[in-house]
Ligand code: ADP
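In structure tokens, one chain follows: the form predicted alone.
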Amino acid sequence: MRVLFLSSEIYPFAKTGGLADVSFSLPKALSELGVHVKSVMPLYKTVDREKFGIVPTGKRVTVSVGAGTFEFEVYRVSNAVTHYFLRNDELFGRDYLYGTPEGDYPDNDVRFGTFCWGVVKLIEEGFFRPDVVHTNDWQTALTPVLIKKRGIGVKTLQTIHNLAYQGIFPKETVERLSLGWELFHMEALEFWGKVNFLKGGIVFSDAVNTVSPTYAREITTPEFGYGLDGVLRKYSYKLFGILNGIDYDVWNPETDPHIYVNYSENTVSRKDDNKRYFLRETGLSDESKPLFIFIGRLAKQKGVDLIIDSIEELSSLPANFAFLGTGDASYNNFFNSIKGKYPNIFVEVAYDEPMSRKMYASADYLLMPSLYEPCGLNQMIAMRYGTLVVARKTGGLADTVRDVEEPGGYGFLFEEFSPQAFLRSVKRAVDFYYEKRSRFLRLRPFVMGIDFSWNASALKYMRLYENLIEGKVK
């Protein structure tokens, strides 16, 4: 079985979020199952070709569309998976992947649309010979449209990592990308008078999946559907939910070079040493208090508003808090404004992976009060490091965290998206830390032992590919 895996970012070459982690780990896990996987992404200016050993193949492909003629040079590197890159410096030789801090690049339709065209032409020319093309999010979602439009006999799977980001552009994109006006109607690419890339991927792919079973159900409702719930209900027969995983080689407290003291399930008490060093580094005090952390984008989706609205109450609790992340300017400004204001709150407005790993290894609890969460990787990483999770019961969080008040529970969940519900859950975790100390300590190695690796999920993807090839998804 040959699978061509398309993504706009793949770790470690380029990363802005969890998509990059999944786009590295899933192909690797599939390859270990015997699937012949090749991945493709744009070759951005920010990719260090020398560091990763990325070299030109000598192959070039030309895309001529309404917006112009663009030549892509094909590069590659092989490790666990063979990764291909399409280079065009006019489109991708920029300082950022999707846009500057001031906003998205206005020609993102042409940038990623021509990337899709380039991949399709490479398939037509026989450079790639896949049985299945697996596309991810809106940036690659025109590929199933072009494959179906051009009658290429290849099955397609469209994965939705976050439905809120759809790739919506003016209707002139039809001409800019030479898509043909016959595709501009409500049963195809048209979306409220504009072109919607992700809608095209949903409609024209042979199967669609999201990154958790709960999110697959949620996105068929108006609350979580972002205007596409009707489309997703119509195509629910080909909609699946497959939970993401994490790479246990990448996220391993026993070997992680960034944390203060390495440890395993059998030596999880060494988390306390990590906590001691972290408090010393950040200026927090009293290691007898529980340490809560938040790591991630400072955005509405991540429930940052609940933290902001609760900051005074959090500062009065017998606990320490550490917040790491960057995002929307208003959130950045708020967290910068409280630096040093509260003795039990540490703030770092930045993307800092080494620091994040120290935090996972040091913390007692991870906060994930998300408004919605397609899957979430942070909670899996936290538990891999023996850190319990306080989360809102939505999407993948509902699929991976079980409340301590339930049989076999190991986390703290709340449902109502409100500061009051969030605070109640945090206070429950504080009380649990002090009053049920022995059970708290037993849960550390327990959550480390929960299997969030890609093994089971990769097998589900392989079965879905096989069903597509055999025509069992219709």
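Heads up: residue numbers just count along the shown sequence, starting at 1. Keep in mind that what you see is a predicted model, and the values were worked out from it rather than measured.
Form predicted together with the ligand: not shown, discussed below.
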**OP:** Please state whether all three residues 19, 295 and 325 have a non-hydrogen atom within 4.5 angstroms of the ligand in the predicted bound form.
**Re:** yes
Original post:
What is the one choice in 333, 301, 236, 255 with a heavy atom within 4.5 Å of the ligand in the predicted bound form?
Top reply: 301
Original post:
Of the options 353, 403, 281, 71, which one has a non-hydrogen atom that comes within 4.5 Å of the ligand in the predicted bound form?
Top reply: 353
Subject >> Partner contact for residue 381 in the predicted bound form: the ligand, 4.5 angstroms, heavy atom >> reply: yes
**OP:** Answer for residue 376 alone: is it within 4.5 Å of the ligand in the predicted bound form, judged on heavy atom distances?
**Re:** yes
Subject >> Residue contact check: residue 360 to the ligand in the predicted bound form, 4.5 Å heavy atom >> reply: yes
Original post:
Any of the heavy atoms of residue 251 lying within 4.5 Å of the ligand in the predicted bound form?
Top reply: yes
Original post:
Which of these stretches, 76 to 84, 94 to 102, 343 to 351, 257 to 265, has heavy atoms within 4.5 Å of the ligand in the predicted bound form?
Top reply: 343 to 351
